[in-house]
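In structure tokens, one chain follows: the form predicted alone.
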Amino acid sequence: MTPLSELFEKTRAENRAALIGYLPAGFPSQQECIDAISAMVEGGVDAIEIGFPYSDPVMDGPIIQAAADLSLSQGTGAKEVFSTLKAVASTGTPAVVMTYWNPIERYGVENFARDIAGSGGSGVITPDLTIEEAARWRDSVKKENINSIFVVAPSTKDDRLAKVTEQCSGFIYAASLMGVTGTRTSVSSSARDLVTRVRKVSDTPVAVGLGVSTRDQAHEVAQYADGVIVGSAFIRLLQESQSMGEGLIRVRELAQSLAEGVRR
């Protein structure tokens, strides 16, 4: 059992959702990324998604794209991603990497899974990997005893939903809407419907991402999901702050507010 799986057992016992924070490795810089993640955890974030910056994202909105572009311009690659993962996991915080398939294939499928495990990571979220093309990946994560997390969306048909969720461990990533990441004034009603559909075919925890940025939104999603994922809201605070010190304070305060939402 991975630290991520243990976390969901713990939060279910506490009758609450887990709060999962996202940040791309190397943003705003390598050390500042780790500092910001520490501020998230201090504020009450339960688990961390570390983004592998990629030049051609299909799921990321403009806020995350801008952060990834900055990170890439500073030379962030696999080495920095694994270094960040190791730093987070060493604190006892469950951590996963979110990455498109191309960096995994370039690195080597078996090697990537091995180094996730070797860095203390719980698993990997692969938003653009289909289950039909995932045989080598499934074998690799099984060998390393880490979680393989696929993404489902409101457009996913019921028969396919059963097939995809069967391949997930740790949690199932439920995209709340059709579109890209980003903060929104409200969370799509399709998120609740999607989680309901997932629960009919799987007992694996379900975490909702795309759009959550406030305590009330986190509270709303926590009423029906096992996990609440927040990324763009944290990144935007760092982008808008006049200094890193200010950014860390604002990130910690947002994490505290969101944590209150999922625990309320």
Partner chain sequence: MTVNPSLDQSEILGHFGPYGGRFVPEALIEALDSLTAAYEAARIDPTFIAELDHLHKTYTGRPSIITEVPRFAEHAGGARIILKREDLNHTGSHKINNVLGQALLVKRMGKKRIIAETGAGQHGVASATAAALMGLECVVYMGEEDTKRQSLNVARMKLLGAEVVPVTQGSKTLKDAINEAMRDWVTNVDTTHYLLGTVAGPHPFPTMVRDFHRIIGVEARAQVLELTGKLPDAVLACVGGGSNAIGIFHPFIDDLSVRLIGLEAGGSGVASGKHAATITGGTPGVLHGTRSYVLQDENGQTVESHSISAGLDYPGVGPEHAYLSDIGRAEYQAITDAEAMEAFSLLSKTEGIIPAIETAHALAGAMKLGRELGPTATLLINLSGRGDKDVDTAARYFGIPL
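In this text the structure is predicted, and so the values were computed from the model without any measurement. Positions refer to the first chain, counted from 1.
Here the subject shifts to the form predicted together with its partner chain, a form of this protein not shown in this document.
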Item to check | Any non-hydrogen atom of P53 within 4.5 angstroms of its partner chain in the predicted bound form | outcome: yes
Checklist entry - Can you check whether S90 is within 4.5 Å of its partner chain in the predicted bound form, heavy atom basis? => result no
Next on the checklist: Is E49 near its partner chain? Define near as a heavy atom within 4.5 Å, in the predicted bound form.
Outcome noted: no
Next on the checklist: Using a 4.5 angstroms cut-off on non-hydrogen atoms, would D226 count as touching its partner chain in the predicted bound form?
Outcome noted: no
Checklist entry - Heavy atoms within 4.5 Å of its partner chain in the predicted bound form: which of the stretches 157-165, 117-125, 189-197, 139-147 has them? => result 157-165
Checklist entry - Going by its partner chain in the predicted bound form, which residues of 121-137 come within 4.5 Å of it through any heavy atom? => result P127, D128, L129, T130, E133
